[in-house]
Each structure stands twice: as structure tokens, then as C-alpha cells.
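The chain that follows stands alone, in the form predicted alone, written as C-alpha cells.
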């Protein structure tokens, strides 16, 4: 009986200690749409690591379906906001900031030197001179090419648009498409437009255009299409009938030389039989040397809702997600690129090239046309891009139509 009593007392004491420890833990709520298996596992590991460093914080993560999240975020930010959530910078961020639904985290940036460490994405998380989000991952777009056909025709890796077009003549003479793409799903050609516009007019102009602040009939927009017109004779003719994956074999088989695409396509190239020796990557060539180099890199970020209950721990979590070591580990699991310039990537040559390119970008990081522009404008814009590629003589009518859409959509 004495032994039983002692055992009961010990159990009671242990339960009391556990209860006391639990009572001392602060709850941090985190709502996210990272519901695919790899991102979900990566974030669960990040949360576990954060809790290990901060045993007084209990992170309760609510993982939602990605499409449902896009609608839900507009509701939960006003009714029952979590302490931390994820979303997208630039134009997707702007209306929430303007509505007072995001918390200013400029102090987190100042205290952790993030204006330096996250410098490449600073413009897209800054509004009204303040910072509102911490980016944790992105991936590069650029030009992927078949090294074998470059050697075959004696083409050199181009640094400028003039050099690229000179190569196109060599590829044409050999019966090879200089540039391939698939536009049946529209979005791949938005990447081509963005890069031509970024190289012709720069990031600030891209931002102003997608914000509805510039007329589509502006001469600077026409200058972008004038550069595009130069490469149309060398572009895969049936692009409107194929999607992005249908264009991959053209590169693999050497029927096309170059492809403007995101880094996720590397897996498809390699599944087709290409290797690190036959597949190459290069930044989109320079068109206007006076325009600082800007890049296309869709970015994901976390933020603190204005109605967060546990702001102190939320800011601690922001600083943690921004750390170089944390972003290195997270992105190794995601197969993408860390934003922190002090982070590291593995030996994959395309990730290494992308990390170097994005970390040293002086002109800004664009978020892709259909992220930076409102959904309706993105749709009519991309339809216009496809029509231009098929019927470049329709440019005036296309730009007039896009300008009428701008006047209506951005009211």
C-alpha cells in the first residue's frame, strides 16, 4: 500500500509538472496552404526545429488546401486571423496592406539586417517605405538551352539580345527552332513578355504596367513588342497548339535550341534524357544596357496579420524563417532556392546558377505577369500575347483592346 501511495504521489507530481510546463507555453497559430506532400513535410520539420529552439512556444499549424486558401484568406484575416500566415509578395500583397490587414514588420528587418540579407526581394515586400513580409523561397526563370545544338551550329552563349538573334540565324539555317514554347495554356508566353519588358524597360516599369499605371499603348510597351517581333520568325510555329510540356521534347531532341521557362522544367528535360552536360542555363540576354538587370522569380513569403494575438512570438518566428541556415534546410527539402544571400544550395548546377543570379540581381525580382497583374488583366493580357505571336500585324488592335481592359479593370 505504501508503495502504491508513493507511486500515485510520483505520478501526480509528474502530471502537475507537465501541466505547469504546458501552461507556461505560449501558443503561436500558423495558417498555411503548403498542403502538397513535400512542402507540408518541410514546414512540419521547420516548425519542429523552431519549437526545439523555443520550448516555451507551441506552434499550432493549420494546413489548408491551396485553392481554398485563396478564398479563405480574405475571410480569416478579418474574422479570426492567425498569428502567422503565408501569401505572395508584390501585387498579391498590396491590397491587404492597403486594407490594414498586414502588420508592419520593418523592425524585424532592422534588427536582423534583413534589408541586406533579403535584398533581392526587398522591393516586392516594401510598401509605403515599410516591410510587410519575409520571403523564404523562390525559383528562377531564364533561358534553358541544348548545348549539343549550340556546338552543332557554332553558336556562342549570348550575353546580349543582338548575340542571341545572330545565333537564331545559325539555328534557322540548320532547320532548328531558335526559341520554343507552348502557349495553349498561355502562361509560358507571359514569361517571355515579362523578360522582354524587364530587359527593355526595367523592373519599375514592369511594376507600373501590372499595377495599371501605364497605358498599353505607351511607346515603351510598343518597344517591348518590337523586340519580341524580332524573334517570332525563329520561334516554334505551332506553339498555340501545344502546352509547355509538349515543347520539352523539342529541346531534348535538338529540334529547338532555347526555351524561356522556370527551373521546375529541369526535371522534365532530364526525364527526357538530357544531362548536366547537354542542358544549359543562361540569364535572359541584355537588351538595353542602361536598364539594371531584373529577374523573374515567383516568391513565397510569410507575414503577420494585423489582428495577430501573439505578435512577439510571431516576430520571433519571422526572424527564424529569414535565417540563412533555416532557409538552406527548408529549400533543400523544397528543391527550390533560399532568398537569404548567406544561405547555401547543393551541387545541382541549375540551382547554383539560379541562386547566384537571383542573389546578385541589382534591378529587382518580378513575380510573373499573372501574379503581378490582377487576374482579369492577366487573362486578357496573355490572350493578347498569344494573338501577337500568331498575328503580329494585329498589334495596334491588341494594344487598344488591352488599354480598354486596363481602363475598366483598374477603376
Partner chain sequence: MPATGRLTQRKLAPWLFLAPGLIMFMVYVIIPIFQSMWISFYDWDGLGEARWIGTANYVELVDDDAFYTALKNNVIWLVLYMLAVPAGLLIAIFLNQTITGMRLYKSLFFFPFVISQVVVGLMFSWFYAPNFGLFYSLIEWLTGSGVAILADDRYVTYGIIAAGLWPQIAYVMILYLTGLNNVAPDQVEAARLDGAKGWRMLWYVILPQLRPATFIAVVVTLLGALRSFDLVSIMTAGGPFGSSRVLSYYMFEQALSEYGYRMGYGAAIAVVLFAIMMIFISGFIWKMWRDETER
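We call the rigid core whatever largest set of C-alpha positions still superposes within 1.5 Å between the two forms. Note that the coordinates shown come from a computational prediction; the quantities given were computed from them, not determined experimentally. Positions refer to the first chain, counted from 1.
Below, we refer to the form predicted together with its partner chain, which is not included among the displayed structures.
Though the partner is left out of this view, residue 101 does reach within 4.5 Å of its partner chain in the predicted complex, counting heavy atoms only.
In the predicted complex, residue 27 stays away from its partner chain, with no heavy atom inside 4.5 Å. Not displayed here, its partner chain is kept clear of residue 153 by more than 4.5 Å at the level of heavy atoms in the predicted complex.
Its partner chain is not shown here, but in the predicted complex it comes within 4.5 Å of a heavy atom of residue 71.
Contact with its partner chain in the predicted complex, judged as any non-hydrogen atom within 4.5 angstroms, is confined among 374-382, 34-42, 54-62, 351-359 to 374-382.
When its partner chain is considered in the predicted complex, only one residue from 275, 148, 116, 78 comes within 4.5 Å through any heavy atom, namely 78. For the residues 292, 233, 95, 254, the 4.5 Å heavy atom test against its partner chain in the predicted complex is passed only by 95. Of all the residues from 385-404, those having a non-hydrogen atom no more than 4.5 Å from its partner chain in the predicted complex are 386, 387, 390, 391, 401, 404. Relative to the superposed rigid core, residue 266 undergoes a CA displacement smaller than 2 Å between the shown form and the other one.
In this overlay on the rigid core, residue 68 has a C-alpha that sits 2 Å or more away from its partner position between the shown form and the other one. Compared with the form shown here, the Cα atoms of residue 357 and residue 127 sit 3 Å or more farther apart in the predicted complex. In contrast to the form presented, in the predicted complex the C-alpha positions of residue 66 and residue 188 draw closer by 3 Å or more.
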